[in-house]
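Taking the form predicted alone, here's one chain by itself in structure tokens.
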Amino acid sequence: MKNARTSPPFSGLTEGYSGPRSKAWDVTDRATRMDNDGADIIHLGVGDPDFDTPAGIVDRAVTSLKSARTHYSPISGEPELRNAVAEACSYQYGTDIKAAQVCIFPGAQCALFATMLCLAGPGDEVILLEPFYATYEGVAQAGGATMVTVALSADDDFSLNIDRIADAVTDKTRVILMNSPGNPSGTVFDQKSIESLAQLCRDKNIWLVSDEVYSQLIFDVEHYSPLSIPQARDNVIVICSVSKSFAMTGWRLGWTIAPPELTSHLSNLSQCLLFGVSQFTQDAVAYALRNEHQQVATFCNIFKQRRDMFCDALENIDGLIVHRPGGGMFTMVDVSALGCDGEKFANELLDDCGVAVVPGFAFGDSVRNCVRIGYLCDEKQLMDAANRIKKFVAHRITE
């Protein structure tokens, strides 16, 4: 019998984005299949809340479609949108952002991936601050760079520890990736810490990449970006999008703000990878940035109300340690007192109670005893979820 034919080998780079974090969504994928089969599932996993895109934004996209805005766009983005991003961010950061610093991508995830490919390759190191978003590991390693993690302490509410970060820097360090408000932690880094981190990056000639997709969903303090520091602008890249702030997750539109030379490299990479983003989507986003500010404030207020109500309910459950977020749409919950890790908790919670959450291993080894829970639906469903979690935990404690 002849041997079965095998395919030619794959690039070794596939290993960089096929690590353990690639399994982050297994629980939520299973929840979707259970839902499709008729099970009563409350989805608190994937960060796609129950808000619909505001009607005015949808109408602008329809108008563009009817106006035949369905052709190739400029590689770096439509001038109208690049100008709208520059205007909005100049106001937000209190600095002068030029359209030439903006490059448009189909989502912040793509923008981050492209940025990392332009900044770090084989032999380089990328520092991730743990807990980090589930895709960061793959993004950091996809181009051949080595991931170095710095665990931020839950006891300190996952705030920046500059000394610990500095200790992780070597002569191979090319990038430090920060995220404020954090996903999954919801921690909002304070201005003093961000300024210290930016100074460290300047002193060591390191790129500082700031993922700010939740920057307009902050509840208790003001957001601060390293791009607001005049001396830091030569080595800071901001990643942002409209997915969360304008309820446009499925539209897939994000951007980078970077020094012009890097923007040129990003545009060249985008030419090879994407060849532009749909015109009608860009038109709708430009409209959103210039006309829908009040809607963003409305969404933020709703999320704050949900956070307060849901975290209050979770904090009253014996056996759980709840990290109340300062922004975003998730809370981190430590379940180690129940004698299990986050993966076991998440799978059993789904099977027994029909609540889908994300296990902590997705966000780094230091939080594998946690789960990430989103306040992604209305208050009635959130209270139902909290009651289901309470019964589940009570049952585990009495076993």
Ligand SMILES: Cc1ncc(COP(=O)(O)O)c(C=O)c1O
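Since the structure is predicted, the reported quantities are computational estimates derived from the model, not experimental observations. Quick note: we count residues from 1 along the sequence shown, nothing fancier.
Same protein, other form: the form predicted in complex with the named molecule, not shown, and the subject of what follows.
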For this session: Choose one stretch from 211-219, 95-103, 69-77, 289-297: the one whose residues place a heavy atom within 4.5 angstroms of the named molecule in the model of the complex.
Result: 211-219
Exercise. Heavy atom within 4.5 Å of the named molecule in the model of the complex: which of 108, 86, 175, 194?
Worked result: 108
Seminar exercise, completed: The one residue among 207, 158, 303, 133 placing a heavy atom within 4.5 Å of the named molecule in the model of the complex is 133
Exercise. Even though the named molecule is not shown here, does residue 279 get within 4.5 Å of it in the model of the complex, heavy atoms only?
Worked result: no
Exercise. Hey, in the model of the complex, does residue 244 get a heavy atom within 4.5 angstroms of the named molecule?
Worked result: yes
Exercise. Would residue 112 count as a contact of the named molecule in the model of the complex, using a 4.5 angstroms cut-off between non-hydrogen atoms?
Worked result: yes
Exercise. Should residue 179 be classed as touching the named molecule in the model of the complex when contacts are defined as heavy atoms within 4.5 Å?
Worked result: yes
Exercise. What residues, if any, in 366-383 have a non-hydrogen atom within 4.5 angstroms of the named molecule in the model of the complex?
Worked result: none
